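In the block that follows, a single chain appears as C-alpha cells, in the form predicted on its own.
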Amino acid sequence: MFRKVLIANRGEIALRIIRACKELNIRTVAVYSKADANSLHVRFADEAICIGPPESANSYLNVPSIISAAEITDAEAIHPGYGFLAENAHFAEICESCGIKFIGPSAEVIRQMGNKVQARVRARQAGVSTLQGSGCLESPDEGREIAHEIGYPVVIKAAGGGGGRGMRVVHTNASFLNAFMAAQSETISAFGQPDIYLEKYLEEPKHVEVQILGDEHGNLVHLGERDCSVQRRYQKLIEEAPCATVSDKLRNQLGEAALKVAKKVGYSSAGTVEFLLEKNHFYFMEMNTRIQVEHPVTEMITRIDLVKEQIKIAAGKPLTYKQKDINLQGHSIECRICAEDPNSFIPCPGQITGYNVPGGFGVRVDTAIYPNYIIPPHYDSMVAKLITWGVDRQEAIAKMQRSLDEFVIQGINTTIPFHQRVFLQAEFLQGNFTTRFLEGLQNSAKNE
C-alpha cells in the first residue's frame, strides 16, 4: 500500500479522498491555490503546499507545480478526484514518467475513452449498441448529409469535451449550419480543439450510468446503475440509485454491456459507462474514466467505498469480491447543493453567515464548507452533496425532503429551494421522469 498520496484537487472531493486515505493509514498531501488557504482539505491533510494563484490554469491545472509538490513531499501516488486533471491523459503520462502512480486508468485508456467518437467505436466493437451517428465532421455539408440520412432531430456534440458544452440539438436542415458553427465555436473555446460529431437525438430518454470497478489483474464488476435524468443544460442536479424504472433483467443487461466496454479497453480503476435509455432500449453514450460526483449513491446501496477501492487497485491489489457478491440494498438519492440563485442558477459566491447540517440515520453530507467560510468565485459552484438512503425509494425521498428542510446555509443563495420544489412534483415522485423533466418544470413555473 502507498505511504503517501497527493490529492490534486480541492473542496469536498479532496476532503473525501483524505478521509479514505486516513482509514487506509496513508499520509496525505493537499495542494491549494491562494484562494483556498483556509479550506478544510488544507486543514485536514498531513501536509499542504500552495501551488499558485486562484485561477485554475495557474494552480489546479498547473501540472509542473503539482508534480513538483509530489516530488518535494515524496508522494508515491496522485489522486486527481474529478474535474481538473482527472481525465487528462497527458497528466497521467507525466505522472508515470516521474515514477508517480496515477490513481486511475492508464493514459491510453483515458485517451481512447476521452474522445467520444473513438469511445463509440470501441463500444460497437464490444457489441454494445450506439445511436446512429457520424465520425468527426469535416464540414457542415458533410454533417447535413449524414443528418438527412439519419433523420432529424440530431444532436451535435464535442468529440473531446463534456458538461454539455459544444452541444446543439438540430431539428431542421435549415437550422443546421448555424448550429454547426455555434457548436464548433464553443468546442474550440471550451476544449481548445474543433472536433465535433453528430448522433440521433432522442426526445424523451432517461440518462442512466453504470458504475464499474476493474483491477490490474483483469477482474471486473459492475455496481448497478444510477439515474441522472434530472439535468439543466446537460448538467446533472439530482442522481439516484437504482433507477426506479429499471427491472432486474434490464439492470443485468446494462451491467453486462458496461463490462463489455470496460473489458474491450482493458479498464482498471473506478469508472462509469453512460447510456441513454428509451422504452427498455439502451444506447452507449460515453465513458467517464474517473470517480463521479454522484458516487455516494452507489456507495450507499452497495456498502462499498469506491475511493478506497480506487486506491487499493492503483496499489496493485486485486478486487476481493466477484459479481455474485454485489448486492444492492435499498435506495439512495443525491442532491447537488450549489451556491447559485435557485431560480436563475446564477452563481452566488460569498461568506456563509449561518450554517446547519442535517443528520440522522441514512443521511450523509459531503461538503468542505463551514460557518464563516468564504466561497471563492473562481471554481465550480457546488458546495455540498446531500445524500439519503432508505429501505426503498419512498423512504429515501422522505428523508431527503426532511433533510432539505433542515439544511441551512445563510449569507448566500443556494439551490436548496429548487430541490425542495422538485421533491413536490408528482412526475418525479413517480420515478418516470426523463431528461426533459426540468424543462417542463421551468415552463410550468413561467406560466404560473
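Position 1 is the first residue in the sequence shown; the rest follow in order. None of these values were measured; they are calculated from a predicted model.
Beyond what is shown, the protein has a form predicted in complex with another copy of the chain; the following relates to that form.
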Of R144, K317, R364, R165, the only residue with a heavy atom within 4.5 Å of another copy of the chain in the model of the complex is R364
In the model of the complex, the one of I26, V29, M382, L40 near another copy of the chain [non-hydrogen atom within 4.5 angstroms]: L40
Heavy atom of each of E299, V391 and D405 within 4.5 Å of another copy of the chain in the model of the complex: yes
Could you tell me if V357 has a non-hydrogen atom within 4.5 Å of another copy of the chain in the model of the complex? yes
In the model of the complex, does V221 have a heavy atom within 4.5 Å of another copy of the chain? no
Do R251 and another copy of the chain share at least one heavy atom pair within 4.5 Å in the model of the complex? no
Is K260 one of the residues lying within 4.5 Å of another copy of the chain in the model of the complex, judged by heavy atom distances? no
Residues in which of 156 to 164, 349 to 357, 78 to 86, 135 to 143 have heavy atoms within 4.5 Å of another copy of the chain in the model of the complex? 349 to 357
Which residues within 370 to 398 place at least one heavy atom within 4.5 Å of another copy of the chain in the model of the complex? Y370, P371, W389, V391, E395, A398
